[in-house]
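Here's a solo chain for you in structure tokens, the form predicted alone.
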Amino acid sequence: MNNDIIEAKSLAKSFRIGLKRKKILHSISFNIEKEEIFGFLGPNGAGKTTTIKILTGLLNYDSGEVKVFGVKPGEKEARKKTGFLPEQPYFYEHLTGYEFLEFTGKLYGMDNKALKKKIPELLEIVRLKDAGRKRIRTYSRGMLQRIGIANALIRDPELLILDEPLTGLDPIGRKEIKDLIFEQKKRGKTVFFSSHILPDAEQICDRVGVIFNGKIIKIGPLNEILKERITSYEIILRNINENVLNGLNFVKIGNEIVIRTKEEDIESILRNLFEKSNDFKIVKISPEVYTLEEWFVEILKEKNE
């Protein structure tokens, strides 16, 4: 049984600029599984927003194949099951948050009875219960993102597509949006979001796809991607006399000794230590991997060389 909510195969898109056509997406392929948080990562201009506009049916593509819930993007079945927050959403600022959700809900064909029940629930979910009756013009950037997510959730969609939902927010605002995204997964939703803010994506994503110059250069679970570039190993010891550590690269953290070394040197280091002392305890031996941000910087350096 196919568990994919989104399937893209050999997707290509170009735009005419003057007399020439510029290719924006170079035959990219990816899938989004049900009930996962997928981070679509890349620098500005990499092709993230173009991809999202295709997935939501706002933009046609040149070649390839795209399916959302098994149908072409933009078809009624896909639209009904998808909630979308664009990178720069437009709000009627003279309306209150409640009035804005009421207005958009009616555009979707929801009746007053359903909206009176749904809107307070949404305002509670996005933590705008106390601001629901305030004019949107008074909202902070974080509050605007949250009312935008409430709007995306108004039809209780199975899929949320969020374009750069963390951009322009302070640390508190980013945490609030990350919490909202994670809560949606717990409610059984699938979340696809684009971002260039890597540490935030690292905290909440099940899988990521990294796009650069219109090409997907890596896709998969974060832990597998980061393990590809193990920088060194850490040997953590306890109850060892520091006099036996001569010549080793180590630091003391509390009552533990941390030795950083190459994988091929682990066995010889431990053999040497046991010859000098056998009273110490090995707490852990583990790889010291890149963070997502460090990995991303290295990848971009390689691509630009």
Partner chain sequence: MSRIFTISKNTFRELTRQKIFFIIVLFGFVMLFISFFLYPLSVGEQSKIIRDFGLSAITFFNTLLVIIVGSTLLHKEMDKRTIYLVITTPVERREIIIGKFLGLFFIVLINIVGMEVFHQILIFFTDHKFDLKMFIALFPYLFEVSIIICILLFFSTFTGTLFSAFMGFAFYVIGHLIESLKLFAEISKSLFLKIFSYFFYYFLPNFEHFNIKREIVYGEIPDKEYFIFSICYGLIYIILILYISSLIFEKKEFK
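Rigid core here is just the name for the largest C-alpha set that superposes within 1.5 Å across the two forms. Positions refer to the first chain, counted from 1. Model, not experiment: these values are computed from the prediction.
Omitted here: the form predicted in complex with its partner chain. The next part is about that form.
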Review point. Which one, 129, 94, 72, 117, lies within 4.5 Å of its partner chain in the predicted complex by heavy atoms?
Key: 94
Practice item. Just give me the single entry in 60, 239, 277, 249 that has a non-hydrogen atom within 4.5 angstroms of its partner chain in the predicted complex. Key: 60
Practice item. Consider residue 167 of the chain shown here, and say whether it contacts its partner chain in the predicted complex, taking contact as heavy atoms within 4.5 Å. Key: no
Check your understanding: Is residue 84 one of the residues lying within 4.5 Å of its partner chain in the predicted complex, judged by heavy atom distances?
Key -> yes
Exercise for review: Mark residue 100 yes when one of its heavy atoms lies within 4.5 Å of a heavy atom of its partner chain in the predicted complex, and no otherwise.
Suggested key: yes
Review point. Do residue 88 and its partner chain share at least one heavy atom pair within 4.5 Å in the predicted complex?
Key: yes
Check your understanding: Looking at 121-129, 108-116, 209-217, 173-181, which one sits within 4.5 Å of its partner chain in the predicted complex if you count heavy atoms only?
Key -> 108-116
Point to revise | Three-residue site 13, 53 and 76 fully in contact with its partner chain in the predicted complex at 4.5 Å by heavy atom | key: yes
Review point. Core aligned, does the CA of residue 135 move at least 2 Å between this form and the one not shown?
Key: yes
